[in-house]
Each structure stands twice: as structure tokens, then as C-alpha cells.
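Only one chain comes next, encoded as C-alpha cells, the form predicted alone.
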């Protein structure tokens, strides 16, 4: 898929997934896309766990559904971890780092013909939820579980959200200018 087409076709999918497995080769491409994202002061605060074990996926799905996620079980997913490491003068870039990594992975997922949804609030709303996922995935205590991306072939065609017009959100040279 051409890059700009991929950007325009990406959407958050919360529907059912086909049981079609996601090959490890594609999982690796998705994870490498995340790891290739920019990182403030090259602190590389983002780490990723690829998951294709159904039992683990069911456990994680049950946790995020309990917290309000309306999506269904996908045949694969990635768990995103972060570390709070100062870049310089006590400035931290981990939020920007993992956000860039997630967007890279969402674009890779779209380019490979899969669908996903950035799940974060249902995970970060409580330390207990983060701890439950960390326990399942045997994550060391110096990492923070920050998000999850289900990955799979959608059962039905998803719908891209509508966006405000360009002229209401982007300008040239000064705020509000189209010149």
C-alpha cells in the first residue's frame, strides 16, 4: 500500500476479527516499525511484546473488556511498554516515544491488510490493571504497561472517523491563514 493511502485508510477497529493467524513474519515487521520510531534524546524508552498465544490474548482481552473496551479478541496483538528515563535536564520523552511507536505500528498493521485499535485508557486507568497485564506477561517492575494493539483481519469493513476540514485545523504561516 502506498504511504499516503495507508495513512488515509487507517482507522480504529473495534469489531470482530477473523480467526486467520497473523504470521510471525508480519508480527516482526509490525514490531520493527514500532522500534524504528523516533525517540527523544535516543533514550529508546519503548519496548514491545508480540503476542500470538491465544490463552494470553484471552487473559488480556478479559482485563481490557472489564474496563470498558468494546472490541473482540484478535488472533494477535502487541503490548507496549515504556520506561521513564530522563533525556536531559529531567525532561522525559517516554509519552512521545511510545506514541510515535504506536502510530508506526498502526500504519504497518494497515499496510499489511490488518486492523487494530489503540487501547490505552482501559489499561492506564489503574495501576492494578497494569499490574495484572504485567503479571501475565512476566514484565519486570522497571517497565510500565502503557497500551495494547489487537491485530487481525477484520470480519467486516471498518469505518474511518470523520474529521473536521483541513481549514479548521491546519494553516500556513500564521494561525487561521490559508495563504
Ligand SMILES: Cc1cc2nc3c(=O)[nH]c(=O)nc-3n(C[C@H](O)[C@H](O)[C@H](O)COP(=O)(O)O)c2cc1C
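Source: prediction; values computed, not measured. Positions refer to the first chain, counted from 1. Rigid core (definition): largest C-alpha set, two forms, superposition within 1.5 Å.
Although not depicted, the form predicted in complex with the ligand is the subject of the following passage.
Query raised in the report: Among 26, 130, 122, 39, which has at least one heavy atom within 4.5 Å of the ligand in the predicted bound form?
Result: Of the candidates 26, 130, 122, 39, 122 is the one lying within 4.5 Å of the ligand in the predicted bound form.
Report task. May I ask you to check whether residue 161 falls inside a 4.5 Å heavy atom distance of the ligand in the predicted bound form? Result -> Contact check for residue 161: yes, within 4.5 Å of the ligand in the predicted bound form.
Query raised in the report: Quick one: does residue 11 come within 4.5 Å of the ligand in the predicted bound form, counting heavy atoms only?
Result: Although the ligand is absent here, residue 11 would touch it in the predicted bound form, with heavy atoms inside 4.5 Å.
**Report entry** Partner proximity in the predicted bound form: residue 143 to the ligand, non-hydrogen atom cutoff 4.5 Å
**Finding:** Result no; residue 143 lies far from the ligand in the predicted bound form.
Query raised in the report: With a 4.5 Å heavy atom cut-off, would you call residue 117 a contact of the ligand in the predicted bound form?
Result: Yes, residue 117 is a contact residue.
Query raised in the report: Which residues in 58 to 84 have a heavy atom within 4.5 Å of the ligand in the predicted bound form?
Result: Heavy-atom contacts to the ligand in the predicted bound form: only 69.
Query raised in the report: Once everything's superposed on the core, is residue 21 shifted 2 Å or more at the Cα between the shown form and the other one?
Result: Result for residue 21: no, shift under 2 Å.
Query raised in the report: Does residue 160 count as moved between the shown form and the other one, where moved means a C-alpha shift of 2 angstroms or more after fitting the rigid core?
Result: Comparing the forms between the shown form and the other one, which are aligned on their rigid core, residue 160 does shift its C-alpha by 2 Å or more.
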